[in-house]
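Presented as structure tokens, the chain that follows is alone, the form predicted alone.
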């Protein structure tokens, strides 16, 4: 199949860039040093590629991701790195033979794990991001309560998500150390063999964690590229130019592509048209001016600003080599 045969908008994944990213990360963080986060791609076929590079434990953001990974035969070691108050579906996955660990940061989430049939937990520690996580000084007491309730406490996790795209790499490294110092202090009280955390933006500077939960490195986006990450842009959204307007006096010309707010995660800003300037997005359209004005019917490959929510808006992604479609993968981990 040729990319021109695809209905737009369509997710494209450059096969060479993806393979380079997976290989580069495997060299940097081999085997259990990386626990890839599937929230970034929500695709079991891509996870299989990560497993082929030696990364067989995975991080998940939703119960649906845990269920889908286990059903795909990728359930050797799954971490749900978010708290849930109803873990019964997770318990069913454990009952199917998969290994599932869930994050806890309170008595309520501890009790949910017990009641739901999940036997292994990590204590989620607030290391500086004002989101989930227990205060470091209280982590040991929660671990004691978990063990008293019959749970296996594998260790701790903490996510310095507020630092992932900090422009100044030296400052990012300094603040990452502050965060991991808090996590290690909690780990001293909690115990266990696992210290989990980090992400694509801090993968190289978070040396305290035993495993890094990076995900965006596989496909990448403009926000991570702007932060100076060494991975290639593998993901684009193929779109068709459906309307053009020629310049008129002082008014520049513009073009309209058929991929808008419903095709891109927009929280990190507008997507990018290479060689063009994006003016705005509406529900089904992206309006841009270009150095070389396109014609109606032209195809453009648009780079998203935030990979995770962009992928979640699409039902499938197409692995491509140039203009040739090599494979089509279902984005089969969407939903909750």
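Residue numbers count along the first chain shown, from 1. Just so you know, these numbers come straight off a predicted model, no measurement behind them.
FYI, the form predicted together with pyridoxal-5'-phosphate isn't displayed, but the following is about it.
- Screening 90 to 98, 233 to 241, 207 to 215, 182 to 190 for residues having heavy atoms within 4.5 Å of pyridoxal-5'-phosphate in the predicted complex returns a single hit, 207 to 215.
- In summary, among the residues 81, 195, 163, 142, the only one with a non-hydrogen atom within 4.5 Å of pyridoxal-5'-phosphate in the predicted complex is 81.
- The partner is absent here, but in the predicted complex a heavy atom of 157, alone among 257, 157, 104, 219, sits within 4.5 Å of pyridoxal-5'-phosphate.
- Using a 4.5 Å cutoff between non-hydrogen atoms, residue 39 counts as a contact of pyridoxal-5'-phosphate in the predicted complex.
- By the criterion of a heavy atom within 4.5 Å, residue 136 is excluded from the residues contacting pyridoxal-5'-phosphate in the predicted complex.
- At least one heavy atom of residue 199 is located within 4.5 Å of pyridoxal-5'-phosphate in the predicted complex.
- Residue contact check for residue 131: one or more of its heavy atoms lie within 4.5 Å of pyridoxal-5'-phosphate in the predicted complex.
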